[in-house]
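This document starts with two versions of one protein chain, written out as C-alpha cells and named structure 1 and structure 2.
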Structure 1
C-alpha cells in the first residue's frame, strides 16, 4: 500500500489522545516471564500491527488487554493497560464484562470455534445489542441485519436465520466482524483474523476491516504472523520477539529500513523479496522458550551481526518516535 504514510485522521493541532496505552506490561507464569516491558499506544482510527512468530507473546499480549488470559496461572506481573480513564490491568474481572464487546470488540482466528454452533447468526449478533445497548428483540434483529449488510454478507435478512455451519469460512468471519462492531466499540482487537482463510477471501476481509476502521474511526490492533498482511493494511507496526517489542516503526520504514537485526532478517527471508529459486537468507536456530531467553538480547544467538555487549546487556527500545528499535548494532 503506497499510501502508508498518510494518516487516517486529518491532521489536528494536537494529536488525539490514545484510545489505548499499554505501559511497561509484563506477563508471567510463576517465575517465568512470558511478556516483558511492553509499551505502545493506539490512537483513534489507527491500524496498528503486532507481528511476530509463534511463541513471541503477541497473542497473550492481546488477550491480556481483554483480560481473557487464564489468571491464574498467568498473571499481570507489572505495568498498566490504560483504556480511557481506566487501568484494565487493575480492574476486577467482573468489571471487564461490560467493556468486552461494548467498548472493545474482538475477532479471533477461527470463526468456526468462536461462533456458537447452536444459535443462529442473528441471535449471536443481537446478543451484545440486547445485553449492552438494551435493545428489544425485534429492534436488535433489525440492527443485526443492517450490520450483516455493512460487513457485506449477501441477503442479510435471510442470513439472520442461518447457523454458523451453513456459512463459508469467509462469511463466518464477516459475521464475527459484525458481532465485534455491533456496539460501535472504540477499539477492535483482531488476532490472526485472516489466517484460516483462503487468499482471495483474506483480501476481501482485510479490505472490510480497513473500510470499517475508516468509516467508524475505529482504533484497531491487528495481531499477525504475516508481514504481508501488515504491509497491506497497517500504518504502523510493532515487531515482537521472545516476549519483547524489538522494533516499532511506520510500516514502509519497517520494510525499507528495518533497524533491529531480527526485523532485517525476517524481511530479507521472505520468498517474495528474493529471486525465485535463490537460496533464502535463512535465520539459523529457533526462537528461545520463555526461561531460556538469556540476559542480553534474546536474538543474539541467531543474529548475523552481534557485538560484544549483545550477550550480557539487554538493549532498550531506543530512537526517536515513531521509529524505535532495541538493538545494540542496528542494521540502519
Structure 2
C-alpha cells in the first residue's frame, strides 16, 4: 500500500437489537412498591440470570413481562416493557394472548403442579401448536412427539398418552420445557426451573435449556436463587434485593469481584468457596417486606460493613458499564 493511503479499518459487528428491554419498571399494590425502577436488556442468544433470595421480587418481575399478575390489585406504576417495538406494559390484556406461548415462552416454577392433571401430556403440548400455529390435531400430536424427543423424554410417542402423575419430576419439567418452546418463541423465561429436582436431574435440565438456547437462538431470562446455576449457564447476571436491582455484571466478573455487600455475602455462602468441613457463613435477618424497606439501602440492617449514609440515603445503581452496583461502601 502506497504511503499516505489510509488502511481500511475492519468493520465492527453491530450488536443485535435487544429482544426485550425493561425500562424503569415499578410494580405496586396500592401505595406499597413491590418492584422499583428495574431496567435490563436481553439480546438474541443471551442467557441472563436474575438472582436473589426468596421475596426479592424476581418472580413478580418475570410474571409482569407476560402480564400474568392480577391487575388489580397489582398495577404497573411506571416504566416500559419493550418486546421489539411493542410496549407490553401499555398493551391491552386481550392483545397479550397471541404473544403468550407464541413469541414468549415460560417455564413455570413448580413442575409438580404447573401441568394440568386432567389432560394428557400430548394434549397440553399440542394446545399451543393448534392455537398459535393452526395445526390440526394429528399434525400437532406428531409435532408434540418430536418436541418430547427434542427435550430427551424417553419413549416420546408413548408419553403423549400419559398424564402428569405418571411422570417423574424431571420428566414433567422436560414436558414443561417442550410446551414452552413448542412455537419457537423469541424469548424464554425460566422461573426457578430446577425447583424440587434432585441434583442429577437439575444438571440435566440446565444443560437442556442451555443447549436449546444455543440451537434455537433464544433470548433467555433465568430466575433463580442459586448462584451456582447462574455460574453454570449464564453470561450476565442481575442481583435483586428488596424489589431493586442492586448489581449487574458479566458472570465471571461478578464472582471474581462482587461490589455490592449483598452480592458479596451471597457469594461467600457458596460451599465451593469455603474450606471442606467449615461452617458456611449465613446472612443474618431476612428480606424486608414491601412497606418496611426504609428510605436508605434496604440491605443496611443485614450488612456487615454499613456506613453512615446507608440508613438515610438510597444508593443509585452506578459504575462503569458493564459492571454496576448500588452500594455506598462497595466490597473491595
Partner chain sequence: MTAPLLKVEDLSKSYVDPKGRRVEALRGVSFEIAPGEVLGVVGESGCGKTTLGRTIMRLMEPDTGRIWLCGEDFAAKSGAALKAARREVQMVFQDPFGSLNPRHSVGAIIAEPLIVHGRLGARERVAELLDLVGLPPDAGARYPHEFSGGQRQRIAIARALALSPKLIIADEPVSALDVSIQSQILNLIADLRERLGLAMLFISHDLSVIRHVSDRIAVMKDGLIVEIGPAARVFEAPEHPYARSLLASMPRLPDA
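Positions refer to the first chain, counted from 1. Whichever C-alpha set is largest while still superposing within 1.5 Å between the two forms counts as the rigid core. Every value quoted in this text rests on a predicted model; they were computed, and no experiment measured them.
Form assignment for the chain places structure 2 as the one matching the criterion, namely the form predicted alone. Annotation for residue 269: C-alpha shift of 2 angstroms or more between structures 1 and 2, rigid core superposed.
Once the rigid core is overlaid between structures 1 and 2, residue 32 does not reach a Cα shift of 2 Å, moving by less than that. If you fit the rigid core between structures 1 and 2, you'll see the Cα of residue 44 move by less than 2 angstroms. Core-superposed comparison between structures 1 and 2: residue 279 shows a Cα shift of 4.2 Å.
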